[in-house]
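Below you'll find only one chain, the form predicted alone, shown as structure tokens.
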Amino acid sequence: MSECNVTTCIAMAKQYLHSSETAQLDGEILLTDILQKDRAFIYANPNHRLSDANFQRFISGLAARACGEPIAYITGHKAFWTIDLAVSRAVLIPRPETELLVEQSLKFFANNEGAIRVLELGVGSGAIACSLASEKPAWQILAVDACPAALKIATQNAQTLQLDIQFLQSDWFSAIPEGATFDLIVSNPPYVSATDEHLKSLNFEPKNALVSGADGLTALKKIIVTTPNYLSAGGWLLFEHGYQQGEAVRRLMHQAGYTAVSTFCDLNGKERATRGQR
């Protein structure tokens, strides 16, 4: 048994991650993951000693975090909406602001308990599709991604959560069956400019899921223009975008003939998602 206890480990996290505002939180998350306990256990048992193996895992986790690796990649999972998702470097780490897509999707059909047909473009970890399926088991959800590794993670998450979701490898609409239509098409596509300075802090995450051309609008333009071919009458398109792209995507939506175009703000008051109806 290691001589190091919970208190010692938290102190080490503060020391080694001193430049991080989340040093203590990171240490607590590593401990809860390693010990398979919640944070209440950490607070209530400061003298709990780690086994030698668990202490080595903690040290390895601290070293990775000190190099800038996101805590979610180190632990291999991330909470989103009401579920917990496995993640790897093949997928983006689900962000709280993306929960806005789940919230608004549910609001669109709040009074409809039927088998809503949903297509998610660029499923990644499965955060959106799995969240919707967990809330609405009757919905028929098809989730696509061009990356086989991402599809593997999303499929794993759906299976773990016992959710009925159909997955398909597809570069946006390329493999969608001819004539298929959906009541809702939802997406969190790449929307970061290739020259965006924030990319420096995202170097552990897959660039193909982040970057979309010189202005960040390449994928959004393709989705906006192509989606009407796959929407049922009165169907909705809903997607996430950069907080400075609201005006541009609304203009693109109007040019493509969508109605009821509106933009929603995230919890920080920034324009984060836009919808339009066929």
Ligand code: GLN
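The model shown is predicted, which means the values in this text are computed figures rather than measured ones. Start at 1 with the first residue shown and count on from there.
FYI, the form predicted in complex with this ligand isn't displayed, but the following is about it.
**Student:** Tell me, yes or no, whether Ile42 is in contact with this ligand in the model of the complex, where a contact means a heavy atom of each within 4.5 Å.
**Tutor:** Result no; Ile42 lies far from this ligand in the model of the complex.
**Student:** Taking this ligand as it sits in the model of the complex, is Leu231 in contact with it (heavy atom to heavy atom, 4.5 Å or less)?
**Tutor:** Answer no; every heavy atom of Leu231 is more than 4.5 Å from this ligand in the model of the complex.
**Student:** Counting only non-hydrogen atoms and a 4.5 angstroms cut-off, does Phe167 reach this ligand in the model of the complex?
**Tutor:** Heavy-atom contact with this ligand at 4.5 Å: absent for Phe167.
**Student:** In the model of the complex, is there a heavy atom of this ligand that lies within 4.5 Å of any heavy atom of Leu92, even though the partner is absent here?
**Tutor:** Yes - in the model of the complex, heavy atoms of Leu92 and this ligand come within 4.5 Å of each other.
**Student:** Could you check which residue among Leu202, Ala86, Ala149, Leu163 gets a heavy atom within 4.5 Å of this ligand in the model of the complex?
**Tutor:** Of the listed residues, the single hit is Leu202.
**Student:** Just one of Glu135, Glu97, Asp171, Glu103 has a heavy atom within 4.5 Å of this ligand in the model of the complex. Which one?
**Tutor:** Result of the distance check: Glu97.
**Student:** Pick from 49-57, 22-30, 247-255, 206-214: which stretch has non-hydrogen atoms within 4.5 Å of this ligand in the model of the complex?
**Tutor:** Residues of 206-214 come within 4.5 Å of the partner.
**Student:** Need the contact residues for 140-162: heavy atom within 4.5 Å of this ligand in the model of the complex, sequence order, or none if there are none.
**Tutor:** If the 4.5 Å heavy-atom criterion is applied to this ligand in the model of the complex, 140-162 yields nothing.
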